[in-house]
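Taking the form predicted alone, here's one chain by itself in structure tokens.
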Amino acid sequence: MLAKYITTPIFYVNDKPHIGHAYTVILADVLSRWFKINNYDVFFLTGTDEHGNKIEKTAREKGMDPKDFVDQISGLFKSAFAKLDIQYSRFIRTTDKDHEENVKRILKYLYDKGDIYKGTYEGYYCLPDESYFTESEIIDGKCPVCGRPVQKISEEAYFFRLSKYKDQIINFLNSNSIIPDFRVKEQLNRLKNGLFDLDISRKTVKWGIELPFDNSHTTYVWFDALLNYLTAINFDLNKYWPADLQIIGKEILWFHSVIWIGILSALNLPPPKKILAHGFWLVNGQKMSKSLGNVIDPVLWVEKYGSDAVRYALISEKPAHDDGDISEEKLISKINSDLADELGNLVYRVLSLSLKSNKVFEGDDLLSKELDLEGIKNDFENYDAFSALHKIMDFVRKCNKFVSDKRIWELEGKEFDSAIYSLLNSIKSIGILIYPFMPNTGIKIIKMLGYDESYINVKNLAFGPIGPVKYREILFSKVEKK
């Protein structure tokens, strides 16, 4: 069986999850489920990043022990992902014992190899991003990523010889491995300022993994965090490495396309096959921030509208690589128009007509040519869930048009049978294809047609005799706009 390894970044636990975290993990889940119903052995990884200065500081401000604090917030992420129907293979935490042991083992290997050395770090540090910058990279004394003030620091540190692997990093950046490709230029431009060795330890931070060769230092949170992708698969390098797809937010592309590639090169491991750097979410045209009070809690939306509706709204709203705007009004609009009026209406009225006959339907195939199945498969191969979903919904609209144009409620005999045969098979296809995006809805559709959940597989998209229909139910009710 072919294997696929799909990862999200591990999410920093300084606060509870928001809609941006939800989008990343939903996108990964959609792609993971697609490859599963194509008979791949999929390992889907997500989790939480739990060490570092910012965690230590936040926990102290709340009067909590750092471990108790990260246990609490990591639990909120797990709970949110469960409500979003995220079907991961492992939820890793950087405080997991096997991860901490692996980090120490890798640090010792690189130290013995001569790729880690002791020195003095002098430069600028951004606490919110846990990132280091040179003087040429900061802008008016502020972080080039988040725009907040940076601290000038000078301290003893251990360094990873990142500069040694500059050629391998540039080769990766030029290998068409980053989605979208226009982000490559941003990283190459940053490299023009030079590639400096990476400060990978802090003497002043206690909440972290101690260096195995100097326990007065703890490991820089980013060096620790990136290694989770290897810990999670228990270093099964033959089956799952290199990763097929690593999904991240665009703000951390430097860490994944430069630092991560440098680490992998030092370990003599190949880079991931693809890195997808997705855009930001805005809320009514503004960046999410606590001060504006516009941070969206995905759990609240799920509790009001259901996980399938939230998953659909986020994936359908924008291509992954673009920035996009989301609001509760947009979510409600998509529920009412796409899910209730189009998908729900199609399934309910066709199944209602089918139940009147209560038989197996056969006839002429009048609709399969309207389904762009090859286009959908190609979109998934290119990790473009947005385009695939829009092709599926386009087919839903064509089926609704077929119902109206044919006035199938007035048909009789063979004409009626062929129309219902074509529509039921189309709905079966829609149920299978929509399942990665809206798993509960996909399962409901398939069960109404008389199949069980195990039937959801791309191999079952072919048209054939179908029925009798078991029952019907309303998939989505309209939501009143308040």
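Quick note: we count residues from 1 along the sequence shown, nothing fancier. Here the structure is a predicted model, which is why all the values come from computation and not from measurement.
FYI, the form predicted in complex with a small molecule isn't displayed, but the following is about it.
Given the small molecule in the predicted bound form, answer whether the residues 105, 245 and 259 all have a heavy atom inside 4.5 Å of it.
Result no, not one residue of the spot touches the small molecule.
Within 4.5 Å, heavy atoms only, which of 116, 226, 389, 266 is in contact with the small molecule in the predicted bound form?
It is 226 that has a heavy atom within 4.5 Å of the partner.
Of 252, 230, 169, 393, which one comes within 4.5 Å of the small molecule in the predicted bound form, counting heavy atoms only?
It is 252 that has a heavy atom within 4.5 Å of the partner.
How about residue 375 - does it come within 4.5 Å of the small molecule in the predicted bound form, if we only consider non-hydrogen atoms?
Judged by the heavy-atom cut-off of 4.5 Å, residue 375 is well away from the small molecule in the predicted bound form.
Contact with the small molecule in the predicted bound form for residue 411, defined as at least one heavy atom pair within 4.5 Å: yes or no?
So residue 411 does not count as contacting the small molecule.
Do residue 288 and the small molecule come within 4.5 Å of each other in the predicted bound form, heavy atoms counted?
Residue-level check for residue 288: yes, a contact with the small molecule.
Do residue 279 and the small molecule share at least one heavy atom pair within 4.5 Å in the predicted bound form?
Residue 279: yes, in contact with the small molecule in the predicted bound form.
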